[in-house]
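Only one chain is shown below, in structure tokens, and it's the form predicted on its own.
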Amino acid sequence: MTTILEVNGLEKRFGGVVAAQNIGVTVSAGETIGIIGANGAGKTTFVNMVTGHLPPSAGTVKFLGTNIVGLPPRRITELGLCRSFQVPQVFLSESVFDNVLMAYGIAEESGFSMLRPLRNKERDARVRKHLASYQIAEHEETAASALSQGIRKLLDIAMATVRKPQLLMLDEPTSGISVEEKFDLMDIIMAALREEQTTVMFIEHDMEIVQRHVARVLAFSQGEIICDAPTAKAMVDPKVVEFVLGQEYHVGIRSDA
């Protein structure tokens, strides 16, 4: 399998505080990986360093064989490594259609070409096809501010994927989503990403979502990866049980087995 991401010796220090250390990960094209850990375990710090939003104190991040440490986030995005944030980054006053249209415009235009009209027949068709992939076409004329949290999350991820990234990193895609919505939302997201053959890594606290959608888990604790294993194995790993899941969750798994 093609190696898409290779992280070695990644570390982040804030003065005397160690937020991440000794992080090493290799990701192959086509994988779907869940990133788990308690609050403050280093999950978002890891994603921020990989995507250029936080400079590491040490280590390398190679994307498709190129060390991307030091590159600005926009350049990393252009290379095909994109991300979403825990809080959706959308234009609240604009319609769903116009949000995705602007995302396409930013992705496809540069320099003086930005002065050209955003809308044309070909781009409009691509926007509508993209909205359909994320099952939000019926909301295309609705302002983002009027959307439910779940639909707003779908819009945010749809905007993050207009470039058809080779690797997408999601920060808690089901955060703030109701129990009734979360499974349908993740089913839609993962189906769209599979169709686009996107490699996916996502931070998630909901273990039902993790077990439903990922084959491999990275478990973080105190800024380090304490387990990198297939999902079923990770769920019963002693360190994961102690520092992430808790004994009560572990007993529940054993009784259901």
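Note that the structure is predicted; figures quoted are calculated from it, not measured. We number the residues from 1 along the sequence you see.
Separately, the form predicted in complex with a small molecule exists; it is not shown, and the next lines address it.
Of the residues given (212, 53, 194, 205), 205 alone sits with a heavy atom within 4.5 Å of the small molecule in the predicted complex. A single residue from the set 70, 30, 230, 40 has any heavy atom within 4.5 angstroms of the small molecule in the predicted complex; that residue is 40. In the predicted complex, residue 25 stays away from the small molecule, with no heavy atom inside 4.5 Å.
Using a 4.5 angstroms threshold between heavy atoms, residue 172 counts as touching the small molecule in the predicted complex. Among residues of the shown chain, residue 198 is not one whose heavy atoms approach the small molecule to within 4.5 Å in the predicted complex. At the 4.5 Å threshold, heavy atoms of residue 93 stay clear of the small molecule in the predicted complex, well away from it.
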